[in-house]
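Okay, here we've got a single chain as structure tokens, the form predicted alone, with questions on binding and movement later.
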Amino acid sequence: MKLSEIDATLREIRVSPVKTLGQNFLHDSNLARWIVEKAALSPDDYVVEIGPGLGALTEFALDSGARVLAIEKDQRLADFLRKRFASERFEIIHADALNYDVRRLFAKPRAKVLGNLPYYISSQLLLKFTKYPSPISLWLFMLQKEMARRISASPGTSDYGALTLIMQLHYRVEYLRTVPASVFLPRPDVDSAFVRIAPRTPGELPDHDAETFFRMVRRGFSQRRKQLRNLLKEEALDWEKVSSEVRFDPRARAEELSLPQWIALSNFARSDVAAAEIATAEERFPVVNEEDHVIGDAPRSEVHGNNLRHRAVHMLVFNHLGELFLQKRSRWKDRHPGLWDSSAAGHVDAGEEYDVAASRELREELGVAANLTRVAKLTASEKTGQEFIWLYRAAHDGPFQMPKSEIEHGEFFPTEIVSGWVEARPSDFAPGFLECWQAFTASS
């Protein structure tokens, strides 16, 4: 819309821009078109637009053939957009974007997010919609210029800080362009900027433990003028050795280290993964025949390497809302690293029975005990990795204590989202879980 059209429309629908809602309407259609082009939208995309206002971006997003869900906090604007864009590919909800359940996007094959984020809550919205792991494949945000510079900053600059590294650990952040205040009605007090955010590809960065990384980064930037060696004393690092191997000045301050250097630094403080890998390599599993009768046992490596039939247990844990807890497998797992899996799962050890193994795995992977009910038994096949699987159901609200060497992340999901997610993105899941979920839904 042109400036005159925006002014006339606002008078017609009796809307005066509300400063507390961060309402600044974009009146440069060429800029709006350019923004949507940078999102590379297609009919395969499901777009969530935060704060659509009068639909400056919405119009061009719909022209791409994509489906658009707009989230608008102002009821008057939501009603206007509902009438303006009467399309089966357009849906608008009157809501606060901070309350939107991002988990629902896992059930969409490809989700992207656009938005001119209100300055007063931009950091909250940014962190909410980029929470890792995410179902979103691209973010294109207009932010206050200062915020955009912070999340896209390079080492050694004044904008480079903890937020920079927290964002860039999982995402590539690109500062696209500065947007002058003059293209908005009413005119804001400061300039804006567009950033494009995309997930990093698997293996793009060295292996790391995110929890250790975040802890050290926050501590390292807690007092910017202090040398890191003084701020990270509690990590008990051999500072001369670390600085030499990671190649930074031992007197360095936090802003002088690049992202790969911060990862390398945090890896010196990681302690549990190597020990877990050694313990895993020493496991012995029962080897069974086609009728699940034990015919011997063998080390884990031999069982997996030769595709021998063996036994496993999977547990589906539900909270009081009926939501299912899923775990994201650690990148250090020898099979299906980084994929989503059952709440807890593991092998039956040599000399162990299924029920005993299920209780043990629940304690080891989630740190809890619960009553387990058998749901179904799955036959060993290529889809289960030659595992006979007993599937169990349990009830527990957490909290859970998850070993970092086994589980990268865990979260509860409504079952309808899980079903939609399995259908939309089956490659996100370990094959064994897909078989278990099919068996569970068939028995429900």
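For clarity, every value in this text was computed on a predicted model and none was experimentally measured. The first residue of the sequence shown is number 1, and the count goes up from there.
From this point on, the text means the form predicted in complex with a small molecule, which you will not see here.
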request  = Let me know the one among P135, P286, G346, P118 whose heavy atoms come within 4.5 Å of the small molecule in the predicted complex, would you?
outcome  = P118
ask   = So which of L265, L105, A97, I151 gets a non-hydrogen atom within 4.5 Å of the small molecule in the predicted complex?
value = A97
inquiry  = Please determine whether R329 contacts the small molecule in the predicted complex, using a 4.5 Å cut-off between heavy atoms.
reply    = no
ask   = Though only this chain appears here, would M216 touch the small molecule in the predicted complex if you measure heavy atom gaps against 4.5 Å?
value = no
ask   = Does E49 reach the small molecule in the predicted complex, with heavy atoms at most 4.5 Å apart?
value = yes
message = I'd like to check something about F25: if you look in the predicted complex, is any of its heavy atoms closer than or equal to 4.5 Å to a heavy atom of the small molecule?
response = yes
ask   = Among 143-151, 237-245, 68-76, 362-370, which stretch has residues whose heavy atoms lie within 4.5 Å of the small molecule in the predicted complex?
value = 68-76
